[in-house]
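Single chain ahead, written as structure tokens, the form predicted on its own.
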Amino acid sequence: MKVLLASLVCASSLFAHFQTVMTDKTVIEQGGNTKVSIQYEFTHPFEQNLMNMEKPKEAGVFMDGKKTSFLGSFQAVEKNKLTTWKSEYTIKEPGVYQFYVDPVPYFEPAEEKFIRHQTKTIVDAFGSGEGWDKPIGLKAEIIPLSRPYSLYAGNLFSAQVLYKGKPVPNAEVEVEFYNTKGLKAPNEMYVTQVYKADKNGVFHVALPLEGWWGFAALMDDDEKIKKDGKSYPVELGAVLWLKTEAMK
């Protein structure tokens, strides 16, 4: 029984991995500071349990139809003796900036698979308001149907899940709050919320608190990765982060 209980606890704690991309601001106004600081973690957001993150294989910003990499500016940040990453980007013109990361796939031995979460967040500069609903070309991607950088706590958020540019019918979407408030869930079932998309890959989620929210649509990739002579499946995640604000 002890072995069984230990296994169950282990499986539960491994349930919801999230790659993060979070910025120090989501809207840049005229006359404001145009330097955006970006934080990248691999974590369990509600429980605030970090995992080690290797330097990503690709990261940058998508704006006006093209990607610009700034992976060379990445700096490692040690947090709880684990590696996270940070970078900065200075915005010079109006537009909608989608900051993204494609991490090195993480091997999860307990599940015998690799985890690769292609993740993004969206920032508006100088009231552009154009392009926040445009795909940036990630293999797996969540496309907002609600403007993602101007949501109040309590708003309903809608989005669509894509894989290779096409909607994913009935996609399962995990949702977690980046819990820096020390909130306690009533039980483990409340840590990760789970939603089902419709036949067009569209889902809707109400966001009750101010702060950062992560959405992860997980799917089996059509590629496998070899490790020690064996091929393992890849859990491909389309991940989006957005920040809600309190109405005061």
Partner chain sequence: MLRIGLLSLLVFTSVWAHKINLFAYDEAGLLYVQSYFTKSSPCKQCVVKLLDANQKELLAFKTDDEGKASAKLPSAEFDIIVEAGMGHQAQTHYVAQSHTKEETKTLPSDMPLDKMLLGLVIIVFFFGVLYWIKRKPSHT
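Residue numbers count along the first chain shown, from 1. Quick caveat, the model's predicted, so the values are computed rather than measured.
Only in words, not in the display: the form predicted in complex with the partner chain, which the text now covers.
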### Task
Could you check which residue among G137, G154, P94, P169 gets a heavy atom within 4.5 Å of the partner chain in the predicted complex?
P94
#### Entry: The unique member of E54, E58, D220, D64 whose heavy atoms fall within 4.5 Å of the partner chain in the predicted complex
D64
### Query
If you check in the predicted complex, is Q30 within 4.5 Å of the partner chain, heavy atoms only?
yes
### 4.5 angstroms heavy atom contact with the partner chain in the predicted complex for S128
yes
### Query
Out of the stretches listed (173-181, 82-90, 119-127, 100-108), which one is close to the partner chain in the predicted complex, meaning heavy atoms within 4.5 Å?
119-127
